[in-house]
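Listed next as structure tokens is one chain, alone, in the form predicted alone.
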């Protein structure tokens, strides 16, 4: 199958069951809300080394937030309910509560509830105040610029992680431009994030290593410099660069929609091939076929 001059390979992305949360961060100005969100989503590209994957979903207007202030929606994913809860507590406590003028709210209406504000309240050292409003409980924790308002419990729901696309390009310059354009288009899909820097990763990994104790290592099948040395190479002869886009979503449909948008946005402009990474279907709970995505659009 071809889109413009780009070949789309008949393969699938292997995605995994995860747990996801939506965090609403508000602040006195959009800049401070963004500062807190960037801090909270730092060092959160892959569960392999970061214990969670997180990213900014979108900006929110004052009309969309619980306290009528400008905000940011952040999505956070982990491989277990317990793990997601721990990461929320750590990152809201260290990255949002510390940021001037912020408040923090649960952004999901379904899922399993975990205590976040209910634990952070102890930072108030006995001066914290609890308040219930419309069936939801909040904590007002005294801080040096006033009060940090945080919701008592945050919902965490079953989610999907690891959807992906591999873009094979003629050179690094054009492949980077294409990957950026694809990532920008994919971010318009609600309920998904692209956790890697600017949504793009160059150091794709495979499971295992020649070195004992390493859970993952470079995906040599997609490294252009190893094309002559790897019997498993998947890099076309004319390709000099392969970049990957990884997608996490609160729902499978969102991941599928983002991948579909990405395939179309990445086609042309020197892109020779678009494929996806998988493990033969033996590890992930979801197979997202590229042909099926495009045929559904047709």
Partner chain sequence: MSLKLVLKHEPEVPLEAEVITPAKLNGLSIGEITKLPLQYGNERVEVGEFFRVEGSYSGEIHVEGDLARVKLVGAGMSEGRIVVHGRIGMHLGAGISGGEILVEGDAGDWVAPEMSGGRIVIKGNAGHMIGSAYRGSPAGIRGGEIIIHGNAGNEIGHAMRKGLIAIGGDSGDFTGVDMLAGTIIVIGDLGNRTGAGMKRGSIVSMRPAQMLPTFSYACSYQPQFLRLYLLHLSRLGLPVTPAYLNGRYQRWSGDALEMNRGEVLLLNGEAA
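Numbering follows the first chain given and starts at 1. Since the structure is predicted, the reported quantities are computational estimates derived from the model, not experimental observations.
The form predicted together with the partner chain is left out here; the points below concern that form.
A residue is said to contact a partner when one of its heavy atoms sits within 4.5 Å of a partner heavy atom; residue 50 fails this definition for the partner chain in the predicted complex, lying far away. In the predicted complex, the partner chain lies within 4.5 Å of some heavy atom of residue 129. The partner chain is not shown here, and in the predicted complex it never comes within 4.5 Å of any heavy atom of residue 123.
Residue contact with the partner chain in the predicted complex: residue 89 places no heavy atom within 4.5 Å of it. Only one of 189-197, 67-75, 224-232, 92-100 lies within 4.5 Å of the partner chain in the predicted complex by heavy atoms, and it is 67-75.
Of the residues given (149, 185, 81, 201), 149 alone sits with a heavy atom within 4.5 Å of the partner chain in the predicted complex.
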